[in-house]
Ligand code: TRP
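In the form predicted alone, a lone chain appears below as structure tokens.
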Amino acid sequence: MAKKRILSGMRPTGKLHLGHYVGALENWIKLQNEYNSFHLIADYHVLTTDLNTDEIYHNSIEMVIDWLASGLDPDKSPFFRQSQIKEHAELNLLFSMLITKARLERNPTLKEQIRDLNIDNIIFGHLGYPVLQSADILLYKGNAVPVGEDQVPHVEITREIARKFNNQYGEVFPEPEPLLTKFARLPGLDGDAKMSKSLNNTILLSDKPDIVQQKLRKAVTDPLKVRKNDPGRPEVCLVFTYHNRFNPGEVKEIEAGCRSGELGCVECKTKCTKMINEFLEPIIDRRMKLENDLSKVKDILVDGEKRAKDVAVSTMDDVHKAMKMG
């Protein structure tokens, strides 16, 4: 039985952090053995909130290096830039005819972005970015999309567009299912709901041990645990969240020590730092080798774009035939 297809993508914002790994990359690495995976560098999507393109290519390369260093295999799953496969733009245009402005305005994630970024006048491309996402997914006839819960509304829009196209012109596209990640968010060092470079609360996958130590030293903990002997509440401490993810073997012991007051925050952070650095060590080693062989990284991208282009052209042939425009 043929493997089902999935498309996963990220906007190229440069080096990735632990939140990217926990929320997406870890799942992608697992899924690449179960599905035919396509990995999209969503460089057009950057323009929805930032028109400056000076760093997009550099940031794309940095992101690909982190993908490779983390364990994504380009032989199994092609990596490619959205902007280099022109069929993304064509399918986006066609799909934009199949959805109303009112439907796009109901997108809850868009409302959150407008609020968080203090946007007064939304641009057409930002309003319509779920349509471009639909084109990204359906251009490769994705059967499933690995997402966190906050992205499920986007998958629903994709399903609606696929259904509308199929009803209007004939069966071309699958209706993709969301593949929910189990551990979708890692809180930031400041206690914010998620790690974000814009909030400067991240641990990068490329951070050396001394940097991780410095960052964790300043991490927010239980505000009621002021001194070592004070009883703590692990459930409100983000460092304990990190232990859950990167130090599962000691979680029960750390929880008991925190609650009793026997374990101080300094010692707790030291233990956490050690485990995160052990996790990052092989990633950093692989990253350094790739940084010294950028031609290999660029070749991987060129090869991935050729493979993605073949699939994209085939899909658009099907679209043109269905629409009787071929």
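Throughout, we count residues from 1 along the sequence that is shown. From a predicted model like this one, the values you see are computed outputs, not experimental measurements.
Another form exists, predicted in complex with the named molecule; not displayed. Remarks below refer to it.
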Fill in: the named molecule: the contacting residue among H39, H45, R287, K269 in the model of the complex [heavy atom, 4.5 Å]
H45
Discussion item. Considering non-hydrogen atoms and a 4.5 Å limit, which listed residue (F95, F79, Y129, F240) is close to the named molecule in the model of the complex?
Written reply: Y129
Practice prompt. Tell me the stretch among 219-227, 99-107, 136-144, 164-172 that has any heavy atom within 4.5 angstroms of the named molecule in the model of the complex.
Written response: 136-144
Worksheet entry | 4.5 Å heavy atom contact, H17 to the named molecule in the model of the complex | no
Worksheet item: Taking 4.5 angstroms as the cut-off for heavy atoms, does G23 touch the named molecule in the model of the complex?
Response: no
Fill in: Any non-hydrogen atom of L7 within 4.5 angstroms of the named molecule in the model of the complex
yes
Discussion item. Using a 4.5 angstroms cut-off on non-hydrogen atoms, would Q151 count as touching the named molecule in the model of the complex?
Written reply: yes
